[in-house]
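One chain comes next, on its own, written as structure tokens: the form predicted on its own.
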Amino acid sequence: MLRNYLHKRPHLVYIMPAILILGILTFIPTVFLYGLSLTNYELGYQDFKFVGLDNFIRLFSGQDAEFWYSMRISIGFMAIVTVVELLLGFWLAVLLDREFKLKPLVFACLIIPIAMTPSITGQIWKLMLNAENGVVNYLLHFFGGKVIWLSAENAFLSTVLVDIWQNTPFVALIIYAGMRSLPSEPYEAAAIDGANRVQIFRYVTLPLLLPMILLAVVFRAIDSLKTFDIPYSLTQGGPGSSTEFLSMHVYRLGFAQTGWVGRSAAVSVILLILITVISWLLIRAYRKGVENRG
């Protein structure tokens, strides 16, 4: 049976080693994570016991009040940055989809944020947003303003702005690549039918670009939901818990202060399930968009 299956799909023979390696590297840590989430294991202590679903009951019963707060701001962060980056990225892609001088220089500037690691991005923006010596407040000084960017009131907004700065070019390049690959026949037919530019954009460009738009949404939604590097470098989850996203909550429970690895693993499992569900919904929408375009 296996031989017949591989005979009908000869390409699997060539990618099977990679599939096996990736499967092992994914399966074993996942099983280990689920196992830890069912224990009361703490760092520095060799004795631990099986506690079943106690860690999850603690989370959902409200005993860990910061868990629900982290859940809310994580989902809110994902929604805000995904929508804003999609809108700005689409606008940039439309601007780039025409010939103008210094276009290669613009592309080089767009690649710079993408090429930077998020941790370095967070460190640079932490210096720039410094209330006393940061360049952002220095520029605002000429307009008579000053903002405490990394205060409890503004830390979440600052994290959102840094993420938008780094990842909007990524969305723009994805949509721009989709625009450059669009067929010319639908545009010629629309022009013959007398459609204006707005109608062409609405009824031709947007439907054809839908798969690429959904692809950008999939990438950014998944990545932003599990964000860690930028908030850790920028605010370390603070002040207080104002930027303690789920990934930061996992880190704080398991490694930063308490060493409650079992409880930290339970939060990781919930984050993993949440990412899986959202990924499945978005990928399903993406596949429908591809089928409709085909």
Partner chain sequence: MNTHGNKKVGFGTGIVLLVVCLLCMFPMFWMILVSLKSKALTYDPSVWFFSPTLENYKAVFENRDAVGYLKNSAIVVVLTTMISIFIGGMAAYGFARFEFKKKENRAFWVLSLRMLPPMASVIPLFVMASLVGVLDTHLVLIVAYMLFNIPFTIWMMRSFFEEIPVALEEAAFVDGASRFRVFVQIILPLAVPGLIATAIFCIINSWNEFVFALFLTSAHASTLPTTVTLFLSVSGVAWGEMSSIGVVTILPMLVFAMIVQKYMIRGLTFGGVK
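Residue numbers count along the first chain shown, from 1. Just so it is clear, the model here is predicted, and its values are computed rather than measured.
The next section is about a form of this same protein that is not shown, the form predicted together with its partner chain.
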query = If you check in the predicted complex, is N154 within 4.5 Å of its partner chain, heavy atoms only?
reply = no
request  = Answer for I28 alone: is it within 4.5 Å of its partner chain in the predicted complex, judged on heavy atom distances?
outcome  = yes
key: in the predicted complex, L139 touching its partner chain (heavy atom, 4.5 Å)   = yes
task = Look up in the predicted complex whether I230 has a non-hydrogen atom within 4.5 angstroms of its partner chain, and give yes or no.
result = no
inquiry  = I have G52, V160 and L206 flagged as a candidate spot, so tell me whether each of them has a non-hydrogen atom within 4.5 Å of its partner chain in the predicted complex.
reply    = no
request  = Note that its partner chain is not shown here; using its position in the predicted complex, name the residues of 107-128 with a heavy atom within 4.5 Å of it, in sequence order.
outcome  = F107, A108, C109, L110, I111, I112, P113, I114, A115, M116, T117, P118, S119, I120, Q123, I124, W125, L127, M128
